[in-house]
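Below you'll find only one chain, the form predicted alone, shown as structure tokens.
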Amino acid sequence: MRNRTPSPARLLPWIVAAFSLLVASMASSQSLSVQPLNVVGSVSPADWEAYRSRFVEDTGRVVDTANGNISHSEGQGYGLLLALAAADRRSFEQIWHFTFTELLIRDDGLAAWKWDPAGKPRVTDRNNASDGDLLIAYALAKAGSAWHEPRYTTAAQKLAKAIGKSTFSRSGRSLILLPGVLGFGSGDRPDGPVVNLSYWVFEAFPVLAALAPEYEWSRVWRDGVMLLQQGTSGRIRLPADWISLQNGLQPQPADGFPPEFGYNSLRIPLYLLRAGMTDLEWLRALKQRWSAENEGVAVVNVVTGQVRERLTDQGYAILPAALACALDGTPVPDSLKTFEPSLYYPSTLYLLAKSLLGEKYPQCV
């Protein structure tokens, strides 16, 4: 009988564990560790149904209700991840079918980022968004392993290879994740390369490294943490959403974007917590800031420290609660325990945080 090569889905848990040990040892000087989520079963059927009925059409299109009802690769990735977390295979397949047929139309294997129901053609921007690509590939990989569905694993592997090939780039001695193939590199703009630290979906890296080991996922992971530390070392201690790494210098707010810690960057602590990276010192500084009565979760000018907007939606309010739970074991307030969907983005953040708490910190909820 011939020896059979194990499938990527069967090898995935072992390679993820090895990656976690590797990046933990690489970051030992930072006291970091990586403990990825299992994901499956971490969102209740009731919470998922409340989300699905409001934001997911029967075609599998995830609708951004605060952004002209467009769809984008990020939303499709979140939808896949949450459907998996709710163990809803039917919805997962619907969301994947829309993603595959409507967005995965680029020659390089990445997803076009923007789909507009009012546009002709519907895809109104064919550039990719790397966070959307990461989320889609990650959800497919986790689903392929959990549901023993090689079709999902194969698609995840193809996308992971495309991400490594087309979006990993160098800046000085750092290996970075470009936000998109076009428009952000050193040859695309005078202050390039430009990155967005909220595009590092840390929990996805060990999973995708198992599928595309020819690319330096651990290096991108490590250098992303390093950039975050550099970007939060100033007086305000908050990273701008869009950061210039021109000539490998200290990260600076990128030209043409507000110099703000805003709707993008407020995802960073959630991504760190979901990856089990609770030992990063910056998280404690952020917890203290978010717990202050006069600020909370807010859009902040990272140069002046001025608060432009305070964010009070349940989906934003659960972020400091999750941070306090993970760092200090503080129970989540009763007012945040029942899901009340509002707009697409905060509602998505709420379920991502709730799934983290349900899996890793059930004592808090």
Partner chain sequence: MRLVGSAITIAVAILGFAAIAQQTGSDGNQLPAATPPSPAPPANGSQPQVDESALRYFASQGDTRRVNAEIARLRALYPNWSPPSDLSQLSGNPGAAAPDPLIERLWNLYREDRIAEVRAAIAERQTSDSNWKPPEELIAALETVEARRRLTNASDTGQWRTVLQVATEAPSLLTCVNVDVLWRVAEAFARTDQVNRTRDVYTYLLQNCANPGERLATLQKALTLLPETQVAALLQFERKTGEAPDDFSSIRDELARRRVERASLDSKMTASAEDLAVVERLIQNSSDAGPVLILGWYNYHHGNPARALELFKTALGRNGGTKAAEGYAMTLRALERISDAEAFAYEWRERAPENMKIYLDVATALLSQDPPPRLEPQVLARIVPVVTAQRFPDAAQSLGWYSYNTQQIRTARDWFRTALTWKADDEPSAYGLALTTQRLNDRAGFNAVVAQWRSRSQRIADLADGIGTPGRQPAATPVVAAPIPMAQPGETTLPPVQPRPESRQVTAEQVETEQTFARTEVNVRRRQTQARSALGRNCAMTRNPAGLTGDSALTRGWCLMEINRPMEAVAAFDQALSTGSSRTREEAAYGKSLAYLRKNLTSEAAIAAAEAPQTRERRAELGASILTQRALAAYRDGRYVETLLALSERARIVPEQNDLLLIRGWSYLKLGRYDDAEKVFRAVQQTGYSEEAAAGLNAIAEVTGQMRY
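The shown structure was predicted, so the numbers you read here are calculated from the model rather than taken from an experiment. Residue numbers count along the first chain shown, from 1.
The same protein also exists as the form predicted in complex with the partner chain; that form is not shown, yet it is the one meant from here on.
*Asks:* Given that the partner is absent here, state which listed stretch (212 to 220, 277 to 285, 103 to 111, 74 to 82) has heavy atoms within 4.5 Å of the partner chain in the predicted complex.
*Replies:* That would be stretch 103 to 111.
*Asks:* Would Arg170 show up as a contact with the partner chain in the predicted complex if we use heavy atoms at 4.5 Å?
*Replies:* Outside the cut-off, so no.
*Asks:* Taking the partner chain as it sits in the predicted complex, is Asp191 near enough to touch it, meaning that at least one heavy atom pair lies within 4.5 angstroms?
*Replies:* No - in the predicted complex, heavy atoms of Asp191 and the partner chain never come within 4.5 Å of each other.
*Asks:* Is Pro121 near the partner chain? Define near as a heavy atom within 4.5 Å, in the predicted complex.
*Replies:* Residue-level check for Pro121: yes, a contact with the partner chain.
*Asks:* Using a 4.5 angstroms cut-off on non-hydrogen atoms, would Glu93 count as touching the partner chain in the predicted complex?
*Replies:* Glu93 belongs to the contact set for the partner chain.
*Asks:* Tell me, which of Arg126, Arg237, Arg289, Lys161 has a heavy atom within 4.5 angstroms of the partner chain in the predicted complex?
*Replies:* Among Arg126, Arg237, Arg289, Lys161, a heavy atom within 4.5 Å of the partner chain in the predicted complex occurs only for Arg126.
*Asks:* So which of Asn38, Thr59, Thr312, Gln35 gets a non-hydrogen atom within 4.5 Å of the partner chain in the predicted complex?
*Replies:* None of the other options qualify; the answer is Thr59.
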